[in-house]
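First comes one chain, alone, set out as structure tokens in the form predicted alone.
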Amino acid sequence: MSKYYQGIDIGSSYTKLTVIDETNRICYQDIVKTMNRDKQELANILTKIKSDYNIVSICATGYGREHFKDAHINKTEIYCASVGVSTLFPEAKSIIDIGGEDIKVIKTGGDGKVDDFYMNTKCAAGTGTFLIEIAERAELPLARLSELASKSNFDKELNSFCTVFAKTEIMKWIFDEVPEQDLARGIYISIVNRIAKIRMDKTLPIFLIGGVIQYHPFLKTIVEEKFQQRVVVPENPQMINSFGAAILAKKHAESEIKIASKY
């Protein structure tokens, strides 16, 4: 019987699930809201995975990893991000993970080992939550933000790190009749400039992952302009941490077999 390995990334906004086989091929992926009071949707997905795949090991990551009792191991999202990206791109790099509540910058080698990492220290500035609230105040549709920003050459940013004060600034832009495409680009520039304040090795190629880059692909262009470096967005960047967790679940199972074989 074929063996499969499951990774689950329980983030602040969404829970992501990935199942891989013995060759690291992705066989199944899904995503649900984390803070959904109706837990049945996630329960149904887990039941389907258990029914369809012979899962021999599970690794949980993300904010809620310690609450997932079916996991064989728990790993930080920093480690899972490094392993996930490095499995696909075995080279030295900086990984920028823009999530719902924080930003992580991870320096890693081609083997997936984390050499260093840093996080934003200014509350949720520059995160998915920041983006949602500012776009809402500007009355800009999130789904069209990248499209709008791509049509602009605007070069200004929101100066405030605080979401409340940033909302006040965006209102001033609106009163000044700044076009919506310039508003969109200005919001993106603000996010990237906040990332730039986090310590990072500027000599390495940059890999962007997380839910924000999944739905706001034009951010890649702003990052390239800011850092003057090669920027890569892996396929399905929001799912990278759950993929990395699945890889670690597989490694855990393999190590257990090696230990058992000694006795």
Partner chain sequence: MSQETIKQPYKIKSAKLMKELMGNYFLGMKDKTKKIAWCTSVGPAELLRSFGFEVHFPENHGALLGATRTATDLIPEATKLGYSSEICSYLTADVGSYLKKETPLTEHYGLEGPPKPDLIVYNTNQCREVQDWFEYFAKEKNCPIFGIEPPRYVDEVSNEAIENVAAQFKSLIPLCEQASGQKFDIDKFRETLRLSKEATDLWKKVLWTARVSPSPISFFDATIHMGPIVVLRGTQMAKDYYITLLKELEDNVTKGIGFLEAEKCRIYWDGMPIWGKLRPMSELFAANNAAVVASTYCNSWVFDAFDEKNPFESSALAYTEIFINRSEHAKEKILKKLIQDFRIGGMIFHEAKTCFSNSNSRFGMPLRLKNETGIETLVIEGDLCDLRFYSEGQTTTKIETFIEQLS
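Residue numbers count along the first chain shown, from 1. In this text the structure is predicted, and so the values were computed from the model without any measurement.
One more form of this protein exists, namely the form predicted together with the partner chain; it is left out here, but the text below deals with it.
The partner chain is not drawn, but in the predicted complex it has a heavy atom within 4.5 Å of residue 77. Contact annotation: residue 111 falls outside 4.5 Å of the partner chain in the predicted complex, judged by heavy atom distances. In the predicted complex, at least one heavy atom of residue 199 sits within 4.5 Å of a heavy atom of the partner chain. Contact check for residue 135: no non-hydrogen atom falls within 4.5 Å of the partner chain in the predicted complex. With the partner left out here, the partner chain still marks one of 166-174, 179-187, 152-160, 95-103 in the predicted complex; by a 4.5 Å heavy atom cut-off that stretch is 95-103. Though the partner chain is absent from this view, in the predicted complex it lies within 4.5 Å of a heavy atom of just one residue from 73, 140, 148, 125, which is 73. Residue 66 is the only one of 66, 52, 225, 41 with a heavy atom lying within 4.5 Å of the partner chain in the predicted complex.
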